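A single chain, nothing else alongside it, follows as structure tokens in the form predicted alone.
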Amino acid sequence: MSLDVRQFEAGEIVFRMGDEAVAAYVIERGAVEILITKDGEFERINMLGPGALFGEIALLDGGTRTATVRTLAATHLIAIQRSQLESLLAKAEPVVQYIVRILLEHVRRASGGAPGEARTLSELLALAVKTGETPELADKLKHEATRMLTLATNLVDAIAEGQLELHYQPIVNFTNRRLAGFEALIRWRHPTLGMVRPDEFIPLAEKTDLIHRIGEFVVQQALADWPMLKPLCDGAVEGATPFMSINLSAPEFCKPDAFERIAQSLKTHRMAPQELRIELTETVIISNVEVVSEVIHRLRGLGVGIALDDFGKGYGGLDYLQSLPFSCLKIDKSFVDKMHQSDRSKQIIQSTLELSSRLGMSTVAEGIEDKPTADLLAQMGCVYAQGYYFARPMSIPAIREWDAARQA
């Protein structure tokens, strides 16, 4: 599905007051004016430029347009159809759907209008100021909503047009401070918004089938890049192999053919199963414990490593260690950050390291940002280190430069 971009010449009407609301619009290029009719003449109440969203309230509310919109220059508008918006809302968490309903009711009551009466986004901004919200908060909410809808609309094209890319963060052996492996981290290089963080677009993808296409891209690209990265790994623990870590979401890992797809990908790219490590969060596990457990056992039987990510952050970590054959624990950054200030965090890390050693699992400490933290974790017996102190996530050309400087 490509973007529905509509082009207008200067002075064209986008929609008129009283029209049925069939779409909301994001201004990609150009500008529009919002008009109301007064004494039989148009009166301008606002102007909007690139990045602005309009027409969304009537779309959500099912009402008619309460103003006329006309272009001020040659303008490109990205149309967001009612079905798109309804699909996103239907797949949103119940609390999000509830908040949307409450906000709409708030608008109706505050405007003094009957249910079904709608306002433009600019009118809502003015209303927010009158009802006690700060202009800064209203602007922030407007910006976030516009950005989210833009990302949701653009994500399909990001996959089709090759805007997604993988960066790789080095994972270092604490013993010799040499390179043991990499974690593949997805990035979206948006043509106008720049680099988009995964925590912005992955949740949107998980609400649609796009997450499957993104997951497939990550697996295939990481395994294809591995022959270029593996020769750089010179610091794996004795008896272990260099490894590539990838993250899979719950929808990906719970697909009926998850094991078969991963096994086939390894064959296609001629990668030894022992060189692949899949990182799973507790959220993935609890999404379908029975299915996840079966896939984990089959992958471990093949030789693939499985890491329990963000260990200590959830509620069922110890239970999963008892029932699932993890090969690695990743200590959550929240504990690493506090270990110098909180003896409790330090003791939790120490207990985790001792437990993993007794269970025959390796450990990775995430989020290491300074030398004192790295030195302390090494003294405590952590196996692998990951964090900005050692290296940030990088493209392959940047990794080559980093490795050359490291070897010099």
Ligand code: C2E
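If you're wondering where the values come from, they're calculated on a predicted model, not measured in any experiment. Throughout, we count residues from 1 along the sequence that is shown.
There is also a form predicted in complex with the named molecule; it is not shown, and the following applies to it.
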If we define contact as a non-hydrogen atom of the residue within 4.5 angstroms of the partner, is Arg197 a contact of the named molecule in the predicted bound form? yes
- Item | Distance check, Asp310 to the named molecule in the predicted bound form, heavy atom within 4.5 Å | yes
Quick one: does Leu377 come within 4.5 Å of the named molecule in the predicted bound form, counting heavy atoms only?
no
Exercise. With heavy atoms only and a cut-off of 4.5 Å, decide whether Glu354 touches the named molecule in the predicted bound form.
Key: no
Note: exactly one of Ile296, Ala158, Leu185, Leu204 sits with a heavy atom within 4.5 Å of the named molecule in the predicted bound form, namely Leu185
Heavy atom within 4.5 Å of the named molecule in the predicted bound form, from candidates Ala152, Cys233, Val292, Val218, belongs to Val218
Only one of 177-185, 76-84, 258-266, 297-305 has residues with a heavy atom within 4.5 Å of the named molecule in the predicted bound form, and that stretch is 177-185
Restricting to 352-378, the residues within 4.5 Å of the named molecule in the predicted bound form through any heavy atom are Glu366, Gly367, Ile368, Glu369
